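Here we start with a single chain on its own, the form predicted on its own, put down as structure tokens.
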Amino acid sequence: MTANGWIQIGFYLAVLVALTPLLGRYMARVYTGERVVLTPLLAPAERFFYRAIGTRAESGQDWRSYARSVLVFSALSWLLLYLILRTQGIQPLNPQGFGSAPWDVAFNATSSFVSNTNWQFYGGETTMSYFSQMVGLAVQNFLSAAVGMAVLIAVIRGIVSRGSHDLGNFWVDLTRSLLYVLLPISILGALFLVSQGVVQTLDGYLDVSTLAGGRQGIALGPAASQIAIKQLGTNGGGFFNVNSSMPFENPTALSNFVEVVFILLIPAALTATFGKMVGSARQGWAIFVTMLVLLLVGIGVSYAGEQAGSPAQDAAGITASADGAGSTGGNLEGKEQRFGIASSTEWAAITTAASNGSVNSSLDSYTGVGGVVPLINMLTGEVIFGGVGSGLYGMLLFVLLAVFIAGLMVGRTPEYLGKKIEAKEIKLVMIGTLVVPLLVLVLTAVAISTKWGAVSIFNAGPQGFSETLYAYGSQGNNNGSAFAGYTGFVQPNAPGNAGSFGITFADLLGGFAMLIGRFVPLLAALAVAGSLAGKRIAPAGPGTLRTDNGTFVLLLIFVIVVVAALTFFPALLLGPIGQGLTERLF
């Protein structure tokens, strides 16, 4: 590890900490209906939308009504996107003449983008028309992100409510998320990316002559506008197949820095929004610090693992110095030279901590130690910042679990922000925190043990198991990144050649994993909010557990780590940890 690498990482974290309270307070004012700088410009459009759908800003919903609105909106979004992908061949803005995606790939892609996962079993520049990219996928990048933000705000209202069952209005929260937060920042981000060289055009692909005298097509398209929201909304799906390692998506060190800032910008700022809305900034900072500590551990371990390289590389003279004094170059396989190890591992840790899924290096090329970090980040439940909205409401479920455990330890009724945490809330918390891990383990087992799942696995041994666990961990937790080896296309020499059904198997299994992983925790969080909303706030007493200090931060970290470790440690032993031991011992 180098001083320059740590300076890059430190500067990034300083910028993130500085922006968190600024954007967080702004969003709190937006969601509480206060006037902000954009109100004169956007208020007419906001009122027009409310009239068009027949709602009012002041009308409220209980948690069931709010949940129905979320599900209806998401179902309609799913149907619209699936229709777009299945009729691509007759749509405009298709200069390459791409046909429609197969039904199973379209099912997987639709479930992926509606659930804010953006897992991709296809190459964007070889599959999707400009119309599908802009009107289909980019629109869902905005909408799925706005849904997560709206649900979080409803959960916060449930926590601070004083006996009312009103969680706000989903349509109002959705509209404000789009108009006042996602659209303005995305527009500024897209303009900046264009200035850095990210392509933004409706022209067809370029056909050029190579130095060897051959012909090559160079993919273009309206990328910048999609890249901005893919990072800001923690979506992560690439316009091009190689995602953010592609120079047309991420051409410079400055664009790399801004894009990785965008990944955590809203998830981090929402902790400050939470603190503002509950009336205690310290509560928000306690959660922020918890997330930051877990993130720093991940970055440090991944950076150290990749900088050290592997014994196999040392034996080949790739990373070790001539006198055997130690590694000098590190593992640069699968990494862009313009970014290096520090920026690559920083991105890998951040994107998997944030439910983003975009990559600027190949995770499949990481060492066992470096590669275990992105996997563990996801298997914690995507609560280390997590997705926009979804990460924080997932973390709040862990907060309630930590409060409950602390209450059991001291023998008193647990409370959080003046609300008693009782059996009903804990049952819902367990559903929200354990359903997805169970789903991931079951689907991984099914994929590993069947001939249809074997078709999708590229590597043998621990790496092949890691690919599978990573695939369903990524899809179930709505991340979207991949180890690259696991695919929805039949490998030429895959064991137990299962033919085309192997493709359908991976597409359908992954699609259902993404939908369940998105909506079960979401509904559990809303149900918890609905239960808490009906309770009156009791004043804090001398025995009340403080949830805004360092002691609670340590307790919360402990609970998150223990839940993840007890659930996934045996599986990790079979995959990346086993691979790491193999690299060192054999």
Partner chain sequence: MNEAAAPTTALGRSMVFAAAGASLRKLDPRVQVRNPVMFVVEVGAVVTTVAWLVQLFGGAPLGGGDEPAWFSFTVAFWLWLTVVFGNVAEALAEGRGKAQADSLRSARTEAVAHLLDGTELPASELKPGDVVVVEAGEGIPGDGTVIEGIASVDESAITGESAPVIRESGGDRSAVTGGTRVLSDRIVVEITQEPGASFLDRMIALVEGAARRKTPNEIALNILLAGLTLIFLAVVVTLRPFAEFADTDASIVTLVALLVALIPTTIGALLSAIGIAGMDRLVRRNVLALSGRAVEASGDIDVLLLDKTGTITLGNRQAAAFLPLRGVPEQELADAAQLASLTDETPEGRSIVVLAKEQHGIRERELAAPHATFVPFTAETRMSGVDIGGRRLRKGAGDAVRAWVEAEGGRAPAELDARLEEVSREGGTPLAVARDSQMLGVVHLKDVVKEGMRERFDQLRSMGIRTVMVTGDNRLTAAKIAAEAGVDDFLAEATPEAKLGLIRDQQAEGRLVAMTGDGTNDAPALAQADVGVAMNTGTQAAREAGNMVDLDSNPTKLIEIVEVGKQLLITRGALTTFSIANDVAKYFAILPAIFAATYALGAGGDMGDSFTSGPLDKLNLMNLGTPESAIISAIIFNALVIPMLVPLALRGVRYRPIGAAAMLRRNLLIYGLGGLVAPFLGIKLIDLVVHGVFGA
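Numbering follows the first chain given and starts at 1. Worth saying up front: this structure is predicted, and the values here are computed from it rather than measured.
There is another form of this protein, the form predicted together with the partner chain, and it is not shown here; the text below is about that form.
Engineer: Of 473-481, 397-405, 374-382, 291-299, which is the one stretch near the partner chain in the predicted complex, taking non-hydrogen atoms within 4.5 angstroms as near?
Structural biologist: Selected stretch: 397-405.
Engineer: Does I537 reach the partner chain in the predicted complex, with heavy atoms at most 4.5 Å apart?
Structural biologist: I537: contacts the partner chain in the predicted complex.
Engineer: Might L13 be said to contact the partner chain in the predicted complex, defining contact as any heavy atom within 4.5 Å?
Structural biologist: No, L13 stays farther than 4.5 Å from the partner chain in the predicted complex.
Engineer: Determine whether any heavy atom of T39 comes within 4.5 Å of a heavy atom of the partner chain in the predicted complex, and answer yes or no.
Structural biologist: Flag for T39 set to no.
Engineer: Does P44 reach the partner chain in the predicted complex, with heavy atoms at most 4.5 Å apart?
Structural biologist: P44 lies outside the contact set for the partner chain.
Engineer: Mind checking whether each of R86, G97 and S164 has a heavy atom within 4.5 Å of the partner chain in the predicted complex?
Structural biologist: Checked in the predicted complex: no contact with the partner chain for any of the three.
Engineer: Pick out the residues of 140-178 whose heavy atoms come within 4.5 Å of the partner chain in the predicted complex.
Structural biologist: Heavy-atom contacts to the partner chain in the predicted complex: nothing from 140-178.
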